[in-house]
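Just one chain follows, in the form predicted on its own, and it is written as structure tokens.
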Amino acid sequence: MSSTACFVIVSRNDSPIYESEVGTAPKKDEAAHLHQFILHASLDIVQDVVWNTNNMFLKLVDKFNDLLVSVYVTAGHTRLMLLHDSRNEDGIKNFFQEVHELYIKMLLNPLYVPGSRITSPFFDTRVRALARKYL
């Protein structure tokens, strides 16, 4: 069974700082652009929802055909966004919590400038391993 999943970390000023296709479905270039478009279009909905709840995990915030958008918002208003086609809410929540912990470790790195693109191969490898584990 193949699944579609696209993971993006968006900084508080709406610029993507990390992007990854973490699904098991075959990757297509036009699908990658569509996934980016869907995730960035849902930023407005996230902006509205985040002020109406105290939870960091916003669950399902948007839907496009059979693709779902789940979001986790950090205390610093960085958005961890996942575009997926499965309804594994517990796995998605655990994925977000562990990626958030990994992101905090990245922020503690004195060589990382907050808000800049995350280019660490270690970070990318860990995110992909967490996606295989939970999604």
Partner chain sequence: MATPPLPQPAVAKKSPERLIVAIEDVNDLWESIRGNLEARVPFKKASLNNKARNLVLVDKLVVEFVQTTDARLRRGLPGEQSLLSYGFRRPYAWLIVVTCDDLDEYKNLLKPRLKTIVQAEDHEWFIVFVSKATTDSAVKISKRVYSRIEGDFSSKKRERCCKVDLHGPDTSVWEEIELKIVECIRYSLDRRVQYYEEEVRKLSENRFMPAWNFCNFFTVKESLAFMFEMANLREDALREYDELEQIYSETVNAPHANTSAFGGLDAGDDCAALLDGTRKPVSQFAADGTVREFDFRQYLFSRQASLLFNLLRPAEVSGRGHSFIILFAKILTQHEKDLPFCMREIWVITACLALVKATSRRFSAAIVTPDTVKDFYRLQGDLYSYARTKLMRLADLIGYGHNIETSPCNSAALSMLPWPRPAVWPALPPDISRVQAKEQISPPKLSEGLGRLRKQLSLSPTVLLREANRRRASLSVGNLAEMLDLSRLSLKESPAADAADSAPAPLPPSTLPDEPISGAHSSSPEVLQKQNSIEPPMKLPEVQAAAEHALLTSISDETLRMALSSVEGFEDFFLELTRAAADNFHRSWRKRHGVVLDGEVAAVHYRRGALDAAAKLYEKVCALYGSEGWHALLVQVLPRLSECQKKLSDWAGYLSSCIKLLSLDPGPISNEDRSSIQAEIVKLAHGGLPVPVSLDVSTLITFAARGGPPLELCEGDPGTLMVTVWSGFPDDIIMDSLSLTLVTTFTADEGTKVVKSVDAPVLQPGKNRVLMTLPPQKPGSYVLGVLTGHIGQVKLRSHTYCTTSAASSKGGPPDSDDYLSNEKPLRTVLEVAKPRALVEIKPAITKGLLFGEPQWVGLIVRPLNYSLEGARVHISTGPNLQFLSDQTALLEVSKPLLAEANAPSSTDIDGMKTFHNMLENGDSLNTDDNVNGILDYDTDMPQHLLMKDGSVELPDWARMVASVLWVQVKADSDDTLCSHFSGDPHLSSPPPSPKKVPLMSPDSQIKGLTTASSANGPHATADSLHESLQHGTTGQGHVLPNGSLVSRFGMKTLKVKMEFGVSRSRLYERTIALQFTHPFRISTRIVSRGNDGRFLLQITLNSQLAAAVTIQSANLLLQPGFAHVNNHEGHPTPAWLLPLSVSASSECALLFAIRSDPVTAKDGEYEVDYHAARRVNRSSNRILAKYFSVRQLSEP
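Positions refer to the first chain, counted from 1. In this text the structure is predicted, and so the values were computed from the model without any measurement.
Note that the form predicted in complex with its partner chain isn't included here; everything after this is about it.
Contact with its partner chain in the predicted bound form, judged by any heavy atom within 4.5 Å, is made by just one of Asn94, Gln47, Thr53, Asn88: Gln47.
Its partner chain is not drawn, but in the predicted bound form it has a heavy atom within 4.5 Å of Ala41. Put simply, Val10 is close to its partner chain in the predicted bound form: some heavy atom of it is within 4.5 Å. Using a 4.5 angstroms threshold between heavy atoms, Phe57 stays clear of its partner chain in the predicted bound form.
In the predicted bound form, its partner chain lies within 4.5 Å of some heavy atom of Leu67. Residues from 105 to 127 that approach its partner chain in the predicted bound form with a non-hydrogen atom closer than or equal to 4.5 Å are Val113, Pro114, Gly115, Ser116, Arg117, in the order they occur in the chain.
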